[in-house]
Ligand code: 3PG
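Below, in structure tokens: the form predicted alone, a single chain.
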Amino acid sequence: MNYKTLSNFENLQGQLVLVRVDFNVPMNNGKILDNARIQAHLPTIKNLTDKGARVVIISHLGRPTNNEPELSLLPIANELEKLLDQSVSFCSGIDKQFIDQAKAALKPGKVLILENIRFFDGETDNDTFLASMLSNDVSLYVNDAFASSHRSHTSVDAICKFVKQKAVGMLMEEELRNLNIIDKFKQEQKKIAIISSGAKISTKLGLLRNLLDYADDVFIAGAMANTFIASQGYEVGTSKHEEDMLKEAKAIIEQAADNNCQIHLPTDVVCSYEPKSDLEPTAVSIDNIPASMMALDTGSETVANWIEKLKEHDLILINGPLGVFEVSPFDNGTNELFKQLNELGGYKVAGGGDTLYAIHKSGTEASFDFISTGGGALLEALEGKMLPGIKAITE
């Protein structure tokens, strides 16, 4: 892979540098719950400001449908200001004239954050008009957003056609080095395990099918596991699951068997009437889930069995917590698994926004050899796909 890094650009005094980051952090009522993704980009931002660059940052937050105020990047700009210990400008306007004015006012060594890039028409359509507007007067484009590089969006793909000089940021460099390590495990046909969770099978269907081609074992948790459990004929009560995906879940289990890959589902779960900390949790086997309750966490028996099985693997990739980790005590399964991973000898990689949040919340960073900012991007790269954002920056 041919790409330039920030070390290739030393003379940036007064130059306008456009940096795509991933500040898609967990938020609640305008409050940042975990700033790890912001901190991850600080080395890149500081490298550029130290060189006297005029740094313009673009990022998305959530999936806005109507420019919802709660998805504004203003709180993130305020957080970045604290972390950098210097003033950070924020451009709330999404019209060219406002952005050009904000750029013109930006001094060397200073930072400007544009409003949520998904507030702009054309971002998710890889629009060349938007790319042209964003690239106006830009001397260097830096992609530091590995977590967003699996989508052909304007700010990671089309933008590269409008800026002559391009580079990867320091976080992206680390992510690409990690991908090389993972690729070596695949080439040497080492034993690979993947722990995957999520709300819906439907959003991960293609990904799950592709994972079966090279994984030896796939462990499925979270709400996604409920659909698989239901597909095996078990009662799942009021648990979140997809009734219309039961056939697909069965088909995935059958495909796994054909590929000599084993699907592992929880054997016990922790239930309650709602995900509230003041309600008494009930631990049950999956054949005894109460009709009036929902499965909210993976049980201790499952965690113990999975840890034992994971001892066999050379590469362990974790994409997602095991339950509703945001609410105690339904974080016990996630916390316990992450802690015990520290005792395993394989190369352990975690990725995805919720995964990062769960790791930092549980204080289990030491259990992992690499913590990626990407979830979907990491899994797609693991499939051997060239991510659009990486392809664009290396062309």
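Numbers for residues come from their place in the sequence shown, where the first is 1. Quick caveat, the model's predicted, so the values are computed rather than measured.
Only in words, not in the display: the form predicted in complex with the ligand, which the text now covers.
- Remark: all three candidate residues (H60, R63 and A147) come within 4.5 Å of the ligand in the predicted complex, counting heavy atoms only.
- Although the partner is absent here, H41 sits far enough away that none of its heavy atoms falls within 4.5 Å of the ligand in the predicted complex.
- Although the partner is absent here, R37 lies within 4.5 Å of the ligand in the predicted complex, judged by heavy atoms.
- Using a 4.5 angstroms threshold between heavy atoms, R118 counts as touching the ligand in the predicted complex.
- Remark: R151 counts among the residues lining the ligand in the predicted complex, judged by a heavy atom distance of 4.5 Å or less.
- With the partner omitted here, the stretch from 22-30, 333-341, 49-57, 65-73 that lies within 4.5 Å of the ligand by heavy atoms in the predicted complex is 22-30.
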